[in-house]
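Here you get one chain, nothing else, as structure tokens; it is the form predicted alone.
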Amino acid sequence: MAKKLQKAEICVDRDIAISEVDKRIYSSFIEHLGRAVYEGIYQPGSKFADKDGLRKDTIKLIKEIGVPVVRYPGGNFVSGFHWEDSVGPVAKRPHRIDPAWNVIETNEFGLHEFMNWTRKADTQPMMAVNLGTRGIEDAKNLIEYCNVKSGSYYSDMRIKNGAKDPFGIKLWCLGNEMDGPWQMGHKTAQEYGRTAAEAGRIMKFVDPDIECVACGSSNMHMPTFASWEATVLQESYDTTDYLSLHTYYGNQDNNTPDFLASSVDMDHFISAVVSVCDYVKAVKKSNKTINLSFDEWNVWYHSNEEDKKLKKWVQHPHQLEDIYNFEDALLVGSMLITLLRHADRVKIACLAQLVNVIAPIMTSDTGAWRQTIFYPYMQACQFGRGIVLNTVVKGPAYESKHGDAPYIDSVVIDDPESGSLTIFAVNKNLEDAYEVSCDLRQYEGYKVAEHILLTNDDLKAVNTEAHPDQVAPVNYNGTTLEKGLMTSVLPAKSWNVIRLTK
């Protein structure tokens, strides 16, 4: 029980908006890594598999989230990937070593299988090209294979391989984390910037309607951070539509307040990259604005020690299988709020990843279940549509290694289409509840539709196949709206979704 009731205020004005939400901010990621593909979304012979070997139970959970876009096939994997290995008769596809993750890739699941899966999962592809060990010509060949109707070498190869109609992939990653020394084909900013510029340019020759994402820094703490972004954009500004950001957080020190303050670091990261993008825009005297694709973000640390014990050159091992606890769900909620508060510039974001590998969904041979982080991700995707209002929270903060961190993280979204108002809020205080007020007299005629609450007495509580609902949301009678004044009680350590409707 809370020791005492603290006070905070959420301030919004329906006429002071940040931006409309781009639904692609709720995207995800499937890499050829661990059991993300094999045993995750694809498992021929499983009692859950359809005629194409695709797991229907994971598709059902992905549809429950409503994932709009899925990035594929990597990730570090893509920097050594020969896309031609993944098309044509499965029996003739070569088995290759994958030095990124020290495993064997069979290529049994490939490009056509992925596109078939996206259709069944009601999602769209975000395709990455190999600019590590390969380059410009292969990028041109791949987009020809995917997007040209017919009459050319690679488009006719696609037709021969069973896809008469073009895949029509419109969102492309120009490589992955090319600033990282761990990356196959790692490059300097100058080398990568020139490669990305020419790859994007020739790909847009083939299909002028595509959008290209250039690689930003792998995280804010890279030694080349900021100078990398500036150099890459100076070289590739004309062909780049989005610049990528990646970051992961962990609680290795078991310091929950510091861990939950990681969203402050994420906020600083986004603001810093926006500043660099706008600097290059000014240098180039351009009217074009580069927006952001935060195409890898999550909590990742639980599996690190186990992964050190894995044998090399095996097929789809149990790799990067973080078992998420309740405090992880709180941080994921705050990270989603942070992305939404930057919706004017963050247009794409991918929770990494989707199934089994640092994922909201886990599988076994006997079922699939929702991890703790599933719920804030699903609820944001379902209810976080519309216009993000400039949300100011007046309340106390606490000191953390990332600087002052507010106890209450919140963002308000107005959806004129559905006539709903959604408030996402995290209370990071581990002991005290907060009574939060909000003046909503501008929303005359609205009423409280529901208050969904995710909380748990045990910060380390997890969901397992045997006990899948240890951490699960409940309906909560914690919000009132009287004469335009909303008052809501947010329990200690809680994720809250408050929905108001006309």
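Numbering starts at 1 and follows the sequence shown. For clarity, every value in this text was computed on a predicted model and none was experimentally measured.
What comes next is about the form predicted together with a small molecule, which is not displayed.
Engineer: So in the predicted bound form, does residue 380 come within 4.5 Å of the small molecule, heavy atom to heavy atom?
Structural biologist: Contact with the small molecule, no.
Engineer: Contact between residue 359 and the small molecule in the predicted bound form at 4.5 Å, heavy atoms?
Structural biologist: Looking in the predicted bound form, residue contacts with the small molecule do not include residue 359, since no heavy atom lies within 4.5 Å.
Engineer: Is there a non-hydrogen atom of residue 182 within 4.5 angstroms of a non-hydrogen atom of the small molecule in the predicted bound form?
Structural biologist: Within the cut-off, so yes.
Engineer: Is residue 213 a contact residue for the small molecule in the predicted bound form, using a 4.5 Å heavy atom cut-off?
Structural biologist: Contact with the small molecule, no.
Engineer: State the residue from 109, 249, 192, 101 whose non-hydrogen atoms include one within 4.5 Å of the small molecule in the predicted bound form.
Structural biologist: Selected option: 101.
Engineer: Consider the chain as shown here, without its partner, and state which of 236, 372, 353, 244 has a heavy atom within 4.5 Å of the small molecule in the predicted bound form.
Structural biologist: Going through each option in turn, the one that passes is 353.
Engineer: For the interface check, one of 221-229, 124-132, 146-154, 174-182 should have non-hydrogen atoms within 4.5 Å of the small molecule in the predicted bound form; which one?
Structural biologist: This holds for exactly one stretch, 174-182.
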